[in-house]
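Quick setup: one chain, the form predicted alone, written in structure tokens, and binding and motion questions come after.
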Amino acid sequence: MKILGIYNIKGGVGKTAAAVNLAYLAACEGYRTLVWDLDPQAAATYYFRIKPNVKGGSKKLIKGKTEADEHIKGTDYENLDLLPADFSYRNMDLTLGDAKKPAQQLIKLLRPLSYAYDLLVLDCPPSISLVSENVFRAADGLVVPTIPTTLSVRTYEQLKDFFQKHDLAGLNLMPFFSMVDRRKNMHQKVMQELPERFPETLDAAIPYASDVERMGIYRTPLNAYDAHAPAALAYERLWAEIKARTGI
């Protein structure tokens, strides 16, 4: 089982849309795919029309009193399941902090799922915390949606610095441009400069489009209801690059 974390320190960068659409595309290709919505805001869970609830909450899950597979729900799509978010996830850092080897608890939880799934997509909350450090240590690759602005570039620099300081430099980082408006000079400039500084930047770029925003109305992946939209085609290119980079 390959594990992809969809992550950014900042919120509002298109992280959940990427997680949902990438997982959907993987499932369409026959990969047995599981999305774990780790964000207590539960946006991915909402998109899949599933109630955000984990019986016993994150505390019982982390402490091993319930198993992850007990909480998995099927979605409307073949090969695609969801481990829903729960509002108790807002306290997951505290629960992890009480555990032995707190930075390795998620991988311990996920190992038993490897027999059932080919791909696990982690939709991560926007912070640097024990939860995100668990994701960093569990993931085979970290997909980082990045709006082409100065502040977004700064957060990516902070992430790289964190990795250097915490012996995580070997993690496969895959930043890509999200919510792109090519009419803006700043977006054009950043999209030219960032790959020169960080050659790991993927080529695919997701446009800022109302098609993506309508996911919240239809509560379904964009590629499921408008596969020919420019953003949907961009997600397909993004998925192809991620597969090539990670060997999925």
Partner chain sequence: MPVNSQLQAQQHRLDPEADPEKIVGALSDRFNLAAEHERILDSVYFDSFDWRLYLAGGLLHEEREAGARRLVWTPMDEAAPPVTYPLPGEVPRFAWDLPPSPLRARIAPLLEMRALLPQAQVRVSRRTFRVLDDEEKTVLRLLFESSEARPPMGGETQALDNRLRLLPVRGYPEPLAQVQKALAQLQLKAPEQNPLAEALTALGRKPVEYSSKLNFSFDPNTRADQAAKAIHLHLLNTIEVNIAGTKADLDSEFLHDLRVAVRRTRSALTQVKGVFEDAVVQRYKEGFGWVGQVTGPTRDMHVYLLEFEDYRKALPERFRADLDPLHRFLEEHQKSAHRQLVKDLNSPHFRTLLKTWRQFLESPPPKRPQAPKAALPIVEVAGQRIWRSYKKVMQDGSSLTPDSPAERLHELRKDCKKLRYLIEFFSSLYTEAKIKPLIKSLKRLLDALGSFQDLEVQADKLRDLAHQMADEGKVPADTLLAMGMLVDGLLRRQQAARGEFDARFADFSESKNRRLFKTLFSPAARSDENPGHL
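Just so it is clear, the model here is predicted, and its values are computed rather than measured. Positions refer to the first chain, counted from 1.
There is also a form predicted in complex with its partner chain; it is not shown, and the following applies to it.
This chain is displayed alone, yet in the model of the complex one of 204, 50, 209, 42 has a heavy atom within 4.5 Å of its partner chain; that residue is 50.
Contact with its partner chain in the model of the complex, judged by any heavy atom within 4.5 Å, is made by just one of 154, 166, 108, 73: 73.
In the model of the complex, no residue of the candidate spot (10, 133 and 241) has a heavy atom lying within 4.5 Å of its partner chain. Only one listed stretch (209-217, 176-184, 191-199, 26-34) carries heavy atoms within 4.5 Å of its partner chain in the model of the complex, and that stretch is 26-34.
Interface residue remark: residue 149 is not counted as part of the site for its partner chain in the model of the complex, having no heavy atom within 4.5 Å. Heavy atoms of residue 86 never reach within 4.5 Å of its partner chain in the model of the complex, leaving it off the interface. Put simply, residue 140 is far from its partner chain in the model of the complex: not one heavy atom of it is within 4.5 Å.
In the model of the complex, residue 171 stays away from its partner chain, with no heavy atom inside 4.5 Å. Contact annotation for 110-140: residues with any non-hydrogen atom within 4.5 angstroms of its partner chain in the model of the complex are 116, 117, 118, listed in sequence order.
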